[in-house]
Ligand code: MLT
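Quick setup: one chain, the form predicted alone, written in structure tokens, and binding and motion questions come after.
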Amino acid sequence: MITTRFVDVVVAAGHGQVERPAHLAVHIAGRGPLALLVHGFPLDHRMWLDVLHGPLAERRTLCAVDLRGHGDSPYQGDAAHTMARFADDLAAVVRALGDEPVDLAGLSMGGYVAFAFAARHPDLLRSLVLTNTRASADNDVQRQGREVSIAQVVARGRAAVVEAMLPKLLAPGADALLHARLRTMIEGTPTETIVADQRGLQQRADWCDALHGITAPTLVIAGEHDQLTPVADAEVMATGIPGARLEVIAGTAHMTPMERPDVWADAVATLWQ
């Protein structure tokens, strides 16, 4: 059974930011030590539903967090959702739940948040799962692409994001219901949140030269057919992080925990012994 609770967090403002408290929804299933599941852009905790109902709940208390502005967590008026702010929100959730350190699994943007969490709150981190993500920052072309995406979503609404992203998220031949679930999540994310996410993604740090500093046991997961974060990106992380292990899940693209939740969970279980 999944239960939902809300955690009020106050994160100190960084340079050029306004301090904005957040009312964060956390969706919890399972038993044992705490593990955070962090969704990608522009999704919410529902991408983790199959994992929450799966065998990992016998090993951990799984906590799928709706980042501020996503799912059941209201948008707070931030112009940019920086990865640092998201990471500090997660740290506040961990402290509120009173179970630390934690295992942290992040997909795509959630992986970028995981890097920031590892850098800013290493004392709270027990292990790390970097799934369908990359360590590098946006280059100039990618930053400009985000500007185009922002203009499109402001002008045309969330349908523009669905049209641009959905074909790249799942492997060819994926179940139509998975497409529908992803569409529902994207269409339910406020336009303001999508813009703030894109601004934060533009600003995110490059972690390639800092990978060697990650000391937590780490698993890197990639999708065989992922166009957004290809296997080569995963290899960079697995090579750079001391002791990290790489798992490539066959027949999947960018949403491995949704496309093959059983295989994803088996891989993570080897880390969460």
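As the structure is a prediction and not an experimental result, all values here were calculated from the model. Residue numbers here begin at 1 and follow the sequence given.
The form predicted in complex with the named molecule exists for this protein as well; it is not shown, and the discussion that follows is about that form.
Heavy atoms within 4.5 Å of the named molecule in the predicted bound form belong, among the stretches 38-46, 22-30, 241-249, 210-218, to residues of 38-46.
For the three marked residues, Val51, Arg59 and Val129, no heavy atom of any sits within 4.5 Å of the named molecule in the predicted bound form. Checking Ile186, Ala116, Val153, Met109 for any heavy atom within 4.5 Å of the named molecule in the predicted bound form turns up a single hit: Met109.
The contact residue chosen from Leu178, Met165, Ala80, Ala92 relative to the named molecule in the predicted bound form is Met165, the criterion being a non-hydrogen atom within 4.5 angstroms. Mapping the unseen interface onto this chain, Arg146 counts among the residues with a heavy atom inside 4.5 Å of the named molecule in the predicted bound form. His121 falls outside the set of residues with a heavy atom inside 4.5 Å of the named molecule in the predicted bound form.
In the predicted bound form, Arg134 approaches the named molecule with a heavy atom inside 4.5 Å. Within this chain, Val231 is remote from the site of the named molecule in the predicted bound form, having no heavy atom within 4.5 Å. Within 4.5 angstroms of the named molecule in the predicted bound form, the stretch 253-272 places a non-hydrogen atom from His254 alone.
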